[in-house]
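The chain that follows stands alone, in the form predicted alone, written as structure tokens.
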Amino acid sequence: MAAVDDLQFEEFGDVATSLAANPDATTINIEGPGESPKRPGPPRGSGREEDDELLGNDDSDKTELLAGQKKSSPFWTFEYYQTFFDVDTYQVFDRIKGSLLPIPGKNFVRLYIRSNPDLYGPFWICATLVFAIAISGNLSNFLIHLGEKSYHYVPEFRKVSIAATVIYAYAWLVPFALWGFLLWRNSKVMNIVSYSFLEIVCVYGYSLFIYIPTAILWIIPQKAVRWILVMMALGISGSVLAMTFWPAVREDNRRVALATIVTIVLLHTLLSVGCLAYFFDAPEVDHLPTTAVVPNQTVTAAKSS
């Protein structure tokens, strides 16, 4: 029978000290197979932490790696397209807020898009913008000519189809062309930051949100107010695009990088000014009365009498 002393617990010292005293002792590792002992790493500098926090390098890169491990469904299945709309309300509002409040030094793709790029927000933002421009354009035309006896209001439903064609063509064709250009430049310059086509569509879609309240305010029948509003909206949305795509081209040739950013801003300006000029400042001549020359029969009747 074992003695009482043999049943008492015994405290063991450090593992390294025990192995030094008895080299032939057997050790057992009770940690998991995938775990490794944590070793204290060098302290990170405050500057590096600020850069990572500013650009979202750590979280976005980890999320990107985890997203790459997800199993993707075939493109002919409903599940494949369902992933593009798998986004919650909080993420959509957060991305809208980021497009309205661009901060220099923050990358819109890394902070808001890369973790889960979606088509839900861009699709409904473009749809809302189409109806906002078409309805506001009709109301603006009605308010301008309100009170004129010769004016008869006729709804212009063709503006809806024209606005839809312009907005959706811009939100898809321009990102597609930019994506192809970045792929081509990436083959020339290896260290260029690359964006996926879905990420570029996402950036363009959310950058158009500022034009929804702007189009509603364009109802005000004052050209000076309208041009001030369009310049403000263009400055906010254009800065989002410029600050997002500048990191993708800044390592390229200086002229090519500047030409790319200028082209992006010019196309965005063309969309803004074109919508304002066509849907709100276009001259309307349908309400003008048609004057016909009526012969004066009074003199003839007097002579005949």
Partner chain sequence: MAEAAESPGDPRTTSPRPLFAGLSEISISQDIPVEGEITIPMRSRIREFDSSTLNESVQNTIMRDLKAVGKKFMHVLYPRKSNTLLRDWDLWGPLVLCVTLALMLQRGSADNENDGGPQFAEVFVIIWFGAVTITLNSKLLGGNISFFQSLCVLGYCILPLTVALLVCRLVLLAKPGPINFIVRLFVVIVMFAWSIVASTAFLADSQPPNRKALAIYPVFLFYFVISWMILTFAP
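Keep in mind the model is a prediction, meaning the values are calculated, not measured. Positions refer to the first chain, counted from 1.
What comes next is about the form predicted in complex with its partner chain, which is not displayed.
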Just to confirm, with a 4.5 Å cut-off on non-hydrogen atoms, which of Trp227, Trp179, Phe123, Trp172 contacts its partner chain in the predicted bound form? Phe123
Work out which of Ile144, Leu111, Leu217, Val92 lies within 4.5 Å of its partner chain in the predicted bound form, going by heavy atoms. Val92
Its partner chain in the predicted bound form: within 4.5 Å of a heavy atom of each of Asp88, Ile135 and Asn138? yes
For Asn186, is any heavy atom within 4.5 Å of its partner chain in the predicted bound form, or not? no
Contact between Ser196 and its partner chain in the predicted bound form at 4.5 Å, heavy atoms? no
Does at least one non-hydrogen atom of Pro155 fall within 4.5 angstroms of its partner chain in the predicted bound form? yes
With a cut-off of 4.5 Å between heavy atoms, is Thr128 one of the residues that contacts its partner chain in the predicted bound form? yes
Quick check for you: of 156 to 164, 103 to 111, 196 to 204, 229 to 237, which stretch puts a non-hydrogen atom within 4.5 Å of its partner chain in the predicted bound form? 156 to 164
